[in-house]
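The data below hold one chain only, encoded as structure tokens and taken in the form predicted on its own.
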């Protein structure tokens, strides 16, 4: 039996369905991310697990106990908010110990647990400071420690890094993941940032318009997207209109240029309109390696993106981006030159809308 089970959860506000038939089983110690654009229902789903929203339909169980309609203070979960939500009139130590005080735990135990948490987030020198004396990253660490201090069964994180600058965000997400692994706590992390979700999750739930589009490991979500939305939302993607040439052999025609795909198109008919997708990094020059698809192209543009060089190529009438790692000895073609690029048949995806 799963540790946290979210079964057929639906949430409706008036006539608007915000979350529609959401089903997910989370194992103990697992780190799961809800990923999707604003308004897709990911935060509402998290709030239903926390108890701040009651589902219109469905059931939530935690370690075998039904918590669907329990109040937040009746379910043992820790919540971290985007806005930190620290008490400005309390010190770091007082903020961390607040939940334990509400539970009327013994003072000695509170003091010991607060000390443990301050050590865990490496803020020993800041225990007696107030929130306004801390940086954003430090405040979010305090928020994390406060949520963990009560020994929650599940840790819920609602876009906790979105208010921080890029470098702090990267370092803090690594710290959160390291602490989660160290404690073995079950965690659900809400984000609209695909890089965050890919870098720290055991599994990702991609959501769109209240629905679950796909659930899988970061590797599966990125490399084997099941829908056009997932492929477009997670990572960069080239897409082009095409039609089926030979459904048995996997041949598709993209503006007069023939591609071969490993996607199953046997149920399609010759001439059916489809859309094909290829990740930019799946293309390479024929001089590097020869794969299933060998395609004549013209170099349209070259853009330096730091560690990556993005080369725009025209294949027939369709334009595609090709990404290659930058290095000081990279021999780049000239804009306007005719070249050949290649990609495997597995790289050419035919996805449902």
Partner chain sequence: MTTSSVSSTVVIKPPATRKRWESWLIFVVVSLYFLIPLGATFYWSLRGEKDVLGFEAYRKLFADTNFLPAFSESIVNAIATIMLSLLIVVPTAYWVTLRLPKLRPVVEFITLLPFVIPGIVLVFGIIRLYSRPPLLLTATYDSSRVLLICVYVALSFPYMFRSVDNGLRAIDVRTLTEAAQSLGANWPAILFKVIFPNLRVALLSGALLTFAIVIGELTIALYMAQHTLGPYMANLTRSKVYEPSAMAIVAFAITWAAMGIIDFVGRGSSRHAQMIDTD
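Positions refer to the first chain, counted from 1. Only a predicted model underlies this, so the values are computations on that prediction, with no experimental measurement involved.
The same protein also exists as the form predicted in complex with the partner chain; that form is not shown, yet it is the one meant from here on.
The candidate site formed by 224, 228 and 320 is entirely out of contact with the partner chain in the predicted bound form, as no residue has a non-hydrogen atom within 4.5 angstroms of it.
Residue in contact with the partner chain in the predicted bound form (any heavy atom within 4.5 Å), chosen from 88, 256, 271, 106: 88. The listed set 242, 176, 77, 110 contains one residue whose heavy atoms approach the partner chain in the predicted bound form to within 4.5 Å, identified as 77. At the 4.5 Å threshold, heavy atoms of residue 98 reach the partner chain in the predicted bound form. Residue contact check for residue 83: one or more of its heavy atoms lie within 4.5 Å of the partner chain in the predicted bound form. A residue is said to contact a partner when one of its heavy atoms sits within 4.5 Å of a partner heavy atom; residue 132 meets this definition for the partner chain in the predicted bound form. Contact check for residue 248: no non-hydrogen atom falls within 4.5 Å of the partner chain in the predicted bound form.
This chain is displayed without the partner chain, yet in the predicted bound form the stretch 123 to 131 from 274 to 282, 110 to 118, 215 to 223, 123 to 131 comes within 4.5 Å of it by heavy atoms. Along 32 to 54, a non-hydrogen atom within 4.5 Å of the partner chain in the predicted bound form is carried by 47, 52, in order along the sequence.
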